[in-house]
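In the block that follows, a single chain appears as structure tokens, in the form predicted alone.
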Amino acid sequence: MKPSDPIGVFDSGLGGLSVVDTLRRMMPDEQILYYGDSARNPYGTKSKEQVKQYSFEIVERFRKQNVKAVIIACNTATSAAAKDLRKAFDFDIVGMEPALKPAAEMKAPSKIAVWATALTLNQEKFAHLMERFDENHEIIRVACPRLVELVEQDQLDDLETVDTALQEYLKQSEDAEFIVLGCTHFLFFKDRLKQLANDQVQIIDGNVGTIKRLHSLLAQKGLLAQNPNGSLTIDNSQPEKIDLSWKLYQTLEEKL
């Protein structure tokens, strides 16, 4: 591996583009390969073994492209496969988990709603994460499959449908002081969610922490890109989604 090698980023579909946006802002010199698995989306309703199989296939694809590291930009795939992937491949693999720890450290006691896929919320990994904080916090698990669908089906501009979905999940999060976005798809709704939620509710995601972790690992190995010539390549298991991928990515760039 060498500093000029690319970084692979994958997700169950298009949500991981929010992670790519953060990665490009924080590490602009890197070559990035993004792969969205929209043909098999959503992962959150699949079995753990299915998600693990999909994840191995994608990371093997990245291996053949000579990546120096991989980001699993999907909380569900991280829960299902990260541990085994790290044993099987010789490059760094950085996963994501709901940013419950940062929320819990902001205020104790507090009421925290974690929005994620059903598979993420039901995994043993998340149960262990909850155990670290549930003594001093009330933690509500809110499965939000509709939000994944709205991103994948290019319905972000349908404000009535978006608001209906967000209001439903807000009802399930009643009186929460923090909402943790535990799926990268959900970051596309962050601005609207802030408008609809109580002013006292703080919205938290794990993107920045994930990129900081990757930067640290690559720096330790002398693998940070040296030249200011970063690039992004987007691919998808459903090729007709590539244009939508670029549209969503550009939407994120314009917002920030």
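Here the structure is a predicted model, which is why all the values come from computation and not from measurement. Position 1 is the first residue in the sequence shown; the rest follow in order.
What follows is about the form predicted together with ligand DGL, which we do not show.
Engineer: Looking in the model of the complex, is ligand DGL within 4.5 angstroms of a heavy atom from every one of 43, 74 and 183?
Structural biologist: Yes, each of 43, 74 and 183 comes within 4.5 Å of ligand DGL in the model of the complex.
Engineer: Which of 166, 104, 139, 148 has a heavy atom within 4.5 Å of ligand DGL in the model of the complex?
Structural biologist: Of the candidates 166, 104, 139, 148, 148 is the one lying within 4.5 Å of ligand DGL in the model of the complex.
Engineer: Heavy atoms within 4.5 Å of ligand DGL in the model of the complex: which stretch among 197 to 205, 214 to 222, 183 to 191, 56 to 64?
Structural biologist: Comparing against ligand DGL in the model of the complex, the contact stretch is 183 to 191.
Engineer: With ligand DGL taken in the model of the complex, which residues across 97 to 126 come within 4.5 angstroms through any non-hydrogen atom?
Structural biologist: Going through 97 to 126 in order - heavy atoms within 4.5 Å of ligand DGL in the model of the complex - the hits are 117, 120.
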